[in-house]
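A single chain, nothing else alongside it, follows as structure tokens in the form predicted alone.
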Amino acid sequence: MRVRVAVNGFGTIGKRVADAVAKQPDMELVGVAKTRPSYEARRAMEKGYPIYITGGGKPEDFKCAGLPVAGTIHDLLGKVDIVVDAAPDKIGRENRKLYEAAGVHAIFQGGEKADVAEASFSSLANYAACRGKRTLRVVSCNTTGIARAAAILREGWGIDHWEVTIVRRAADPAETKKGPINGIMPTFQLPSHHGPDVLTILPELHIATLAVVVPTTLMHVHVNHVRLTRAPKDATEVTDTFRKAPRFRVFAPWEHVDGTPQVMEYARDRGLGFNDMMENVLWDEGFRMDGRDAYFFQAIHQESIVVPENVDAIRASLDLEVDGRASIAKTDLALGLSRA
């Protein structure tokens, strides 16, 4: 029997999560919710996803656009076991009241404050602790990337301290009202919100984060210095561990991937989903060990890295899978991320 899933919001994250859910063997996408007609709503219709109206949406607007609707968000919630809230930032907190009234489990996104849910979630870092929670929050793209890497390093060598500077993209490719156009903007929140957010998953981690915003839409890049508890044999031992771990892609020098443009070109060539890069990206050349000190770069595709985490969060919340690694393997196989 497949669990019944709704996705409330069909934008950058919601449309990707909806596709990912539809591919899972143990899940059924019952419908998606939209506030107003858009090209994304048309794509939902073309894909055969029933559309439900949420927020202040008007049925006549959808009718004029030639988009059939199956009902309201209340109708949708009455048909499902769990909802993934992919609404714009801060809307999820208001939507939580709807989910509580309907008695359904809910997954929120990192744009909401941590207290919107019972726990923050990362598949590799704390799946077991999140099993059975009625509400979970999948942390933001950068926090997801840090938590994944922390889970691998903590298991292999332990972590004493982590310092990371996050070079952030200014906007997603479809956004036209954000900047900077020509500038590098320091984020004067010190530390940046990413460090405290990681602590909602790994509270024992000693981490300090800074961030700058740069005029690109491709990806984020993390500049990391991690002091490990135990020294590995060499850098290759660490990069090989990342290479074997799920949801990591380590590029070798012979692949000539110099930066984020080639990473996204690789993603286009691979052609999964929206030509996304759902894995943490590392480079052999961008990793160095000095005793217990690890220095490395990693790149994070902001539009897609949280998508497989949302799928695993559904399984954790409904306790469909006891073992996090088993859920990851199932998700990744369905999405085409598995290297097996």
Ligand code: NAD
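Heads up: residue numbers just count along the shown sequence, starting at 1. Since the model is a prediction, treat every value here as computed from it, not as a measurement.
The same protein also has a form predicted in complex with the ligand, omitted here; what follows describes it.
A.B. asks: To test your reading of this chain, name the stretch in 276 to 284, 43 to 51, 30 to 38, 290 to 298 whose heavy atoms come within 4.5 Å of the ligand in the predicted complex.
C.D. replies: The contacting stretch is 30 to 38.
A.B. asks: Though the ligand is not shown, can you say which of Gly111, Gly156, Pro196, Pro215 has a heavy atom within 4.5 Å of it in the predicted complex?
C.D. replies: It is Gly111 that has a heavy atom within 4.5 Å of the partner.
A.B. asks: Of Asp269, Glu100, Glu237, Asp172, which one comes within 4.5 Å of the ligand in the predicted complex, counting heavy atoms only?
C.D. replies: Checking each option against the ligand in the predicted complex, the one that comes within 4.5 Å is Asp172.
A.B. asks: Please determine whether Thr200 contacts the ligand in the predicted complex, using a 4.5 Å cut-off between heavy atoms.
C.D. replies: Flag for Thr200 set to no.
A.B. asks: Ala129 versus the ligand, in the predicted complex: is there a non-hydrogen atom within 4.5 Å?
C.D. replies: No, Ala129 stays farther than 4.5 Å from the ligand in the predicted complex.
A.B. asks: Would you check, heavy atoms only and a 4.5 Å threshold, whether Ala87 touches the ligand in the predicted complex?
C.D. replies: The answer is yes: Ala87 has a heavy atom within 4.5 Å of the ligand.
A.B. asks: Given that the ligand is not shown alongside this chain, does Ile91 nevertheless sit within 4.5 Å of it in the predicted complex, heavy atom to heavy atom?
C.D. replies: Contact check for Ile91: yes, within 4.5 Å of the ligand in the predicted complex.
A.B. asks: Using the arrangement in the predicted complex, list in sequence order the residues of 280 to 315 with any heavy atom within 4.5 angstroms of the ligand.
C.D. replies: The stretch 280 to 315, when checked against the ligand in the predicted complex, contributes Gln302, Glu303, Val306 at the 4.5 Å heavy-atom cut-off.
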